[in-house]
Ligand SMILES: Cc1cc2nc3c(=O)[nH]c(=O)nc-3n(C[C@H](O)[C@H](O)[C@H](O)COP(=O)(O)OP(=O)(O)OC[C@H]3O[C@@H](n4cnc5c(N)ncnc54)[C@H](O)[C@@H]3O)c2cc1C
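To begin, one chain is listed below as structure tokens, in the form predicted alone.
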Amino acid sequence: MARRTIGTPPLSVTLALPESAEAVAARVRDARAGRTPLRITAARQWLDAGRPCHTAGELSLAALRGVTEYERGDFTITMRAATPLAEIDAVTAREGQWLALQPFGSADGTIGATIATASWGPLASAYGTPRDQLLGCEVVTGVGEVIRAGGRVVKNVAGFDLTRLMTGAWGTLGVITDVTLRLRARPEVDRTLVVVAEGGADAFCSAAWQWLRASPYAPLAAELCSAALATRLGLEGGGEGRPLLLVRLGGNEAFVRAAEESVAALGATTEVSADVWARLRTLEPAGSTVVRLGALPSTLGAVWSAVSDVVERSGGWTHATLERGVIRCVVPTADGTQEESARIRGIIDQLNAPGSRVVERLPAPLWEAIAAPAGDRLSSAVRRTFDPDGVLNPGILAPLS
């Protein structure tokens, strides 16, 4: 199969932006020499996420944009870090392929930020998270060295798995400048059904989980939406105070038809437009507080009922990726006043689960009080290895000790 190289011109900018990994490395070395910490940016859509980042300068990757290598036969693609997700989708769609990530947030967001924050969406149930999609990456460390981790082919497993280390590190170990990702075949048929939850959330969650475990027709995604969220998405049933289950089915026509019949065991189904997933991804307002709770499937229904009640009384909504046991709580945040911060903290104090609690977005004054930093000895030692002077995104995960 011939190799395809697809070029995209850099963004129009008013300042000279680095256009290569070597140029980024030079900027990092200059910043290190001048003791000027840097905030890594591109599309600037994640600046309100993570702990407050205390820096004196900005390192924009906006010029590092475009697909550079596309191996259709190998289902792999290589692109620069600031390439928007929408551009990747458009390029791969022409070949009947796709990057099956679709994380929450705008498709104008970049692949570099998606990997750096390890962001994922409902498709993670079928295809995995960014760690499962990333084959290799080019990174500039905090000392200004350019390193290459992983490879450009699916079978490459040589060396220490730095790709997984960089995924979710929020740019604190290195500046991601280039990534190689695994693609999937785009389903011939992509259909979404809505099932209204009858008989209470606990019973419905249990039935849905049992169906997901037993059915041979594994969906691409199965997302439980609270009544408030369903109403905002314009789906029938949400206005009646009942949660809805969004089920995304993909495959050939015969498979999808059989899967539809199987889903009907959960209740009456209605087909809705596939764009509901894009609306779900982009619904939350800028500045919202977002908390992610983890629970075992056996306890998910009870946790869902409790937290959904708290969040909806606060003007927010919840949705859960059933197969991963993750409930995402979204609360629009009005402003940065002390009263609003106190309100948000009171809400978060009530959001508990037998598993994990991870804060995605939060008003800046509350991070120190609510979210524990990643300051354990191992994390700190790894950080010192790659960025000994704390040049890159200092404070966004934890202070460098």
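These numbers come from a predicted model, not from an experiment. Don't overthink the numbering: it's just position in the shown sequence, from 1.
The same protein has a further form, the form predicted in complex with the named molecule, not shown here; the description that follows concerns it.
Engineer: For this chain shown on its own, do P243, G294 and S308 all sit within 4.5 Å of the named molecule in the predicted bound form, going by heavy atoms?
Structural biologist: Not a single residue of the candidate spot has a heavy atom within 4.5 Å of the named molecule in the predicted bound form.
Engineer: Just one stretch in 208-216, 270-278, 190-198, 103-111 has heavy atoms within 4.5 Å of the named molecule in the predicted bound form, so which one is it?
Structural biologist: It is 103-111 that comes within 4.5 Å of the partner.
Engineer: Counting only non-hydrogen atoms and a 4.5 angstroms cut-off, does E223 reach the named molecule in the predicted bound form?
Structural biologist: No, E223 is distant from the partner.
Engineer: Please run the contact check for A63 against the named molecule in the predicted bound form: heavy atoms, 4.5 angstroms, yes or no?
Structural biologist: A63: no, not in contact with the named molecule in the predicted bound form.
Engineer: Contact between A43 and the named molecule in the predicted bound form at 4.5 Å, heavy atoms?
Structural biologist: A43: yes, in contact with the named molecule in the predicted bound form.
Engineer: Hey, in the predicted bound form, is I77 touching the named molecule, heavy atoms inside 4.5 Å?
Structural biologist: Although the named molecule is absent here, I77 would stay clear of it in the predicted bound form, with no heavy atoms inside 4.5 Å.
Engineer: Name the single residue among W317, W304, W120, F204 that comes within 4.5 Å of the named molecule in the predicted bound form, judging by heavy atoms.
Structural biologist: By the 4.5 Å heavy-atom cutoff, the listed residue in contact is W120.
Engineer: Under a 4.5 angstroms heavy atom criterion, identify the one residue in R345, R357, R27, R39 near the named molecule in the predicted bound form.
Structural biologist: Contact with the named molecule in the predicted bound form is made by R39 alone.
Engineer: Pick out the residues of 161-183 whose heavy atoms come within 4.5 Å of the named molecule in the predicted bound form.
Structural biologist: Result: W170, G171, G174, V175, I176.
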